[in-house]
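This document starts with one chain, in the form predicted on its own, laid out as C-alpha cells.
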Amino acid sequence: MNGRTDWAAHIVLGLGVLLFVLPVWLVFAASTQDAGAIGRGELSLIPDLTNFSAYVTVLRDGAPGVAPVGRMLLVSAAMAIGIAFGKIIISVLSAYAVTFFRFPFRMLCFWTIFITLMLPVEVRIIPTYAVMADFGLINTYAGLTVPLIASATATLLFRQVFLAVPDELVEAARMDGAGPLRFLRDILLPVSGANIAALFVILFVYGWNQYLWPLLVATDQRLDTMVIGIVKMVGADTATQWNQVMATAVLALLPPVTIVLLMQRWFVKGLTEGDK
C-alpha cells in the first residue's frame, strides 16, 4: 500500500512539475526562433541553440519605445532589493517596539497596523500617489520604493517570533546591562535570521513583480521595470517581435529564480521553524 501511495505521489508531483516547466520551456524555445514563424503559429518545441540574437538585441538596444533590458534589470533589482530591505527593517523595529516596550496606546498602534491588512494597494493608491506628487517623488527611485516598504504582514510575523523569546532571556540580557539596541542586535536578530531570510525571498519576488505602482509613479522610460518593459513591447505600435518579448521574459525570470535557489534552505527553515 505504501509503495502505491509513493508512486501516486510521484506521479502527481511529476505532473505538477510538467505543468510549471512547460510554459517556461515554450518561452525559452520561442526566444531562439524567428519572430515571423512565431507570428504564423509555427512555434517549435525544440529551441534553436545557435540563435540567441534576440537576447543580444534586447540587452544592448532594447525594443522600440523600450529601454535596454540591461537597464530595466538594474531598475527592477534596485526596486526589489529596496522594498525587501525596507520592509524587513521597518517591520523588525515596529514589531520590537510593540512587543518589548510599554507605552500608551501600544496595542492600539499594533491593531492599527494590523487593520491595514484589509486595505489592498488599489484602495489607497490614489492618496498615495497624491502624497508622492506633493513631495516631488514622481519619476524617482524613492517614489518607486518608499510607498511599498511598510508591511503589516511582516510586522505580525516578527511580533510572533519575538513573543516566543523566553522572559528569562530578556531578564538575563537586562541584568547583563544590555540596552535596547544591543538586545535587538545580539539576541533578537540572530534568533530571527531564518525568518528574515524567508521574508527576504518573498518580498524580493513581490517587489520584482510590481506592475500597477511603477506604471503610475514612473512615466520616465529610464525607470521602466522588467514587467513594464514586457507590457510595452507587447503593446507597441509596430509589429510585436515575439522572440524579443520571450527573450525579455526569460531574462526577467533569472533574478528571482536565482534568489529562490540560493536561499532555498533558509527559506524552508524560516517557514518551518517560525514558531519554535
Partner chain sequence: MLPVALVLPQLLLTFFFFLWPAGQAVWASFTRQDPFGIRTQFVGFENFTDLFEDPLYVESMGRTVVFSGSVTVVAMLVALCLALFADREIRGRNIYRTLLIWPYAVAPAISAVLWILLLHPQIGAFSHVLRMLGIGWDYKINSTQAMLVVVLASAWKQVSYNFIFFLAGLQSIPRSVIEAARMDGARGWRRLRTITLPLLAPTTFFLLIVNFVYSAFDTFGTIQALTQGGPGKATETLMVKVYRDGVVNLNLGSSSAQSVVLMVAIIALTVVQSRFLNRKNAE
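All values derive from a computational prediction rather than experimental measurement. Take the two forms, find the largest set of C-alpha atoms that superpose within 1.5 Å, and that set is the rigid core. Positions refer to the first chain, counted from 1.
Below, we refer to the form predicted in complex with the partner chain, which is not included among the displayed structures.
Q: Is residue 209 near the partner chain? Define near as a heavy atom within 4.5 Å, in the model of the complex.
A: Residue 209 belongs to the contact set for the partner chain.
Q: Report whether the minimum heavy atom distance between residue 227 and the partner chain in the model of the complex is within 4.5 Å.
A: Contact with the partner chain, yes.
Q: Please tell me whether any heavy atom belonging to residue 109 falls inside 4.5 Å of a heavy atom of the partner chain, as the geometry stands in the model of the complex.
A: Result yes; residue 109 sits at the interface with the partner chain in the model of the complex.
Q: Considering only heavy atoms, tell me if residue 76 and the partner chain come within 4.5 Å of each other in the model of the complex.
A: Residue 76 lies outside the contact set for the partner chain.
Q: Counting any non-hydrogen atom inside 4.5 Å, which residue from 81, 161, 196, 149 sits next to the partner chain in the model of the complex?
A: Partner contact (heavy atom, 4.5 Å) among the options: 149.
Q: Just give me the residues of 43-58, first to last, that have a heavy atom within 4.5 Å of the partner chain in the model of the complex.
A: Residue within 4.5 Å: 43, and no other.
Q: Rigid core fitted, then: does residue 263 show a CA shift of 2 angstroms or greater between the shown form and the other one?
A: Yes, the C-alpha position differs by at least 2 Å between the shown form and the other one.
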